[in-house]
Structures are given as structure tokens and as C-alpha cells.
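Here you get one chain, nothing else, as C-alpha cells; it is the form predicted alone.
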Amino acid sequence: MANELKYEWSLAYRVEHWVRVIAIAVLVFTGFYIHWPFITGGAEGAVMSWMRFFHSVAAYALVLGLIVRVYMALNSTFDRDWKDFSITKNLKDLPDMLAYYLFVNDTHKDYRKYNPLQALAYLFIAALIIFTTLTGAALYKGNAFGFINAAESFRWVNTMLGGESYTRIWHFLSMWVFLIFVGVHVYMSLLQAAVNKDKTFMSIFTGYKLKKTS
């Protein structure tokens, strides 16, 4: 059985991926600063203003990236992959992938682009982006998009979570979930590339991945 290079990720998919990566990195850095300002002195107020500004810009970029990704999943001429995210299908195949990762089985089924664990994890992250956006909007003191009073429009989020202090805690915890996901995601990509020698990790840079052919 030979391997051949397959164009797995178009430029649009790769750009969207890296926009989200940069947005998450900026959100984590600025979020840490907003939670715990580590620059003191006369410029502290100005630094905080800039941190809040970049935090908001990165949040808009993250949400826009999700919207673009959903659009591409439904309408991309390169690869409409929305069927790969079927919850029922992936839950059905999940035991096969878990058995492989837990070293119960030596092999697993062949999957088109995402194995069931990947697909479900990405759906979870999409839901987490929505949740983090809602909690962030509820904490935002100002006008979103220049005309929406965020505090008033998203007051229901604070009410649902038990108050602004709890919203702040959930928003901060969601950042840690993102960090854990990124760490696991990078590790698994490197591991698969090393074990299968299929250029998985480099494919998000080049677009090409090695695929087995009969």
C-alpha cells in the first residue's frame, strides 16, 4: 500500500484556522492581564485600555472565524464537510476510536477527515466559543458594535449563571479549557505525524497530507 500527497486543506481553511489560533492567543494573553495586571506604574491605565481593546478585537475575530467555518462547512466548493460533524454518527463510532487511543485495539476504522473524537471535540469548541462570547459580552462595559449596550442586552446571561461574579468565573474557566484543548490538539497532531508519518502537523501549513492508496 503506497502513500500519496493529498490536498487536505485549502488556503481558505488554513487562513481561517490561523486566524482562530492568533485570536485565542491574544485573548489568553490579554485575558490574563485583565484578570491580573502584571504591568504597574504610571502607564498601567493606558496598558489596561489597550489590553481591553485587543481583547475585544480578538473576540470579534474568533466569532467571525467560527461563522466563516460554519459557512465553509455548508457551502465550500473545496470541501463541504458538514456531514463529518454528525453527532449521532460520531457517537456511534466513538468506541472504536477510544479503544485505539486506550491501546485496546491496534488499529481503527478509516475516517474521511476527522475521527469521531476529533469531530466531537471540534463541536465542543464551537459551543465553547459561543458560551465564552456570551459571558464576555455580559461582562463588557460599553457598546458592542458601536450601538448595542452589551451590559443590558446580555443581562440574561448573568441572571442565568447566578450573577456577574459567577459569569466572570465561568468566563475565566473557559479560557483554561481553551488552553487545555490547544495543548492536547498540538500534542495529538505531532503524535499522529510521528506514528503514521503522514505529515498531519505540517498539513495545516502546506495544505498537503500523506494518504494511503490501495
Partner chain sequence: MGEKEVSKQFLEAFEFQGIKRREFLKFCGATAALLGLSELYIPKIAAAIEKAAKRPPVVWLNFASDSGCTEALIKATYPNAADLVLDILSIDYNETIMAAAGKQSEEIREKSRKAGGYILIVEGGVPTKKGHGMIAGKEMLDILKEMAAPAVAIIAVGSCATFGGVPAAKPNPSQIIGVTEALKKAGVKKAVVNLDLCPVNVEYLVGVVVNYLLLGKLPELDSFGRPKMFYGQTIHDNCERRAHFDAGRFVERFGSNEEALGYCLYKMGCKGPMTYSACPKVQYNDRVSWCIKAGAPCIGCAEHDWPDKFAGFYNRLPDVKLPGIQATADKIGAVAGVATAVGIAAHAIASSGRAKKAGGEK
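Predicted model only: the values in this text are computed from it and were never measured. Residue numbers count along the first chain shown, from 1.
Although it is not shown, the form predicted in complex with its partner chain is what the next lines describe.
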Pick from Val21, Leu191, Val15, Met202: which has a non-hydrogen atom within 4.5 Å of its partner chain in the model of the complex? Leu191
Partner-contacting position among Val57, Ala43, Val70, Leu64 - heavy atom within 4.5 Å of its partner chain in the model of the complex: Ala43
Can you check 88-96, 122-130, 105-113, 70-78 and let me know which stretch has heavy atoms within 4.5 Å of its partner chain in the model of the complex? 105-113
Its partner chain contact in the model of the complex: Phe172, any heavy atom under 4.5 Å: yes
Considering non-hydrogen atoms and a 4.5 Å limit, does its partner chain approach Tyr33 in the model of the complex? yes
Answer with yes or no whether Val47 is in contact with its partner chain in the model of the complex, where contact means some heavy atom within 4.5 Å. yes
Is Ser153 a contact residue for its partner chain in the model of the complex, using a 4.5 Å heavy atom cut-off? no
Contacts with its partner chain in the model of the complex, stretch 183-198 (heavy atom within 4.5 Å): Gly183, Val184, Tyr187, Leu191
